[in-house]
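Okay, here we've got a single chain as structure tokens, the form predicted on its own, with questions on binding and movement later.
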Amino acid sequence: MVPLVLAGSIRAQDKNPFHGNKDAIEAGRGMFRIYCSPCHGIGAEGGRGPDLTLGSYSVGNEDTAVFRVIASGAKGTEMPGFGERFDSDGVWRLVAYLRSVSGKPAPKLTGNRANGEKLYWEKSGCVACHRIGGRGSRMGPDLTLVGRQRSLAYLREALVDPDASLTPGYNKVTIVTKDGSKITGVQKGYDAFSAQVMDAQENYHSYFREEVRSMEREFKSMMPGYGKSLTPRELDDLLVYLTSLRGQGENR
């Protein structure tokens, strides 16, 4: 197989030269903890990013596919490419580490997907902030691919305690205009001079600081916690539905 040039001097090949190499695996573990654990967890068990210990990846399960997504990133996700930071051997060491921790069985969910889908579109009110397959609101993150982009543990925590691991760029911003009107929405832009927010009706507001009475950004979510409004069984049902959303035509 002819190596494929990805970024700079990075080249993919059909076989990991460090497969099973204990020193390379340990080096990859150290690299992972520094660069990857903020999203994927300290042991690759998932967080804001998917659980990588399952050994099944949306980009493909071959070593070359894993190499490519580390080097070039994953389009449509928050996963950046590291091809400018690591050389080919560095990327392969990360692949070797991931292979060493993969193979854990997928967590079993006992909820009911059909009930979870109904909860999503009706009782929970999720549709008021989120979109699936082009349907719903743009105020919160798009959930069309959330089943492959987020781990089960992260989704459960997000439902119960949305402030615990806030998705970047979705901070709560409150603006009070000079006539006393209050505008609350999610951050679309914020700096020392201005703020841009989207409210629950998907209206876009932009103000310079001198034009308003006050503007405040909070590192809090606009999303309510569902730990009390949904029963444990309903939470399981909703999680089963959310984890099934992988952009493959199964969405309503």
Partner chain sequence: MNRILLSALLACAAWSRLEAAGPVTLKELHEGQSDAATWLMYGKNYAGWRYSEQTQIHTNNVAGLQPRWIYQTGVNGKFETTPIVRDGLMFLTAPSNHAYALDLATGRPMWHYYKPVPAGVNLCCGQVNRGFAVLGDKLFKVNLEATLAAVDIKTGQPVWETSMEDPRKGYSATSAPLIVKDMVVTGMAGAEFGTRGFIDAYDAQSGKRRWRFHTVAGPGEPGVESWGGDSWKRGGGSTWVTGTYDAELNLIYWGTGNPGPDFDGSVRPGDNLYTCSLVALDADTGKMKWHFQFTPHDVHDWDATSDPVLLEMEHNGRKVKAVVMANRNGFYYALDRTNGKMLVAKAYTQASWADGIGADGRPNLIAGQDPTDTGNKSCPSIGGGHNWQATTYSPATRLYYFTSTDGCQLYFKTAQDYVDGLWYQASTTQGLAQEPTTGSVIAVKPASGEIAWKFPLVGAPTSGLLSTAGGLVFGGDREGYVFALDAATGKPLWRFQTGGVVIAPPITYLFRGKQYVAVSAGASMFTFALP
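Positions refer to the first chain, counted from 1. Because the structure is a prediction, the values reported are computed rather than measured.
Another form exists, predicted in complex with the partner chain; not displayed. Remarks below refer to it.
Among heavy atoms of R93, some come within 4.5 Å of the partner chain in the model of the complex. The closest heavy atom approach of E26 to the partner chain in the model of the complex falls within 4.5 Å. Contact check for A114: no non-hydrogen atom falls within 4.5 Å of the partner chain in the model of the complex. When contacts are judged by a 4.5 Å heavy atom cut-off, V212 does not count as touching the partner chain in the model of the complex. Of the stretches 38 to 46, 197 to 205, 56 to 64, 222 to 230, only 38 to 46 has residues with a heavy atom within 4.5 Å of the partner chain in the model of the complex. Using a 4.5 angstroms heavy atom cutoff to the partner chain in the model of the complex, none of A128, K182 and E234 count as contacting. The partner is not shown here, but in the model of the complex the stretch 69 to 97 reaches within 4.5 angstroms of the partner chain through a heavy atom at E84, R85, D87, R93.
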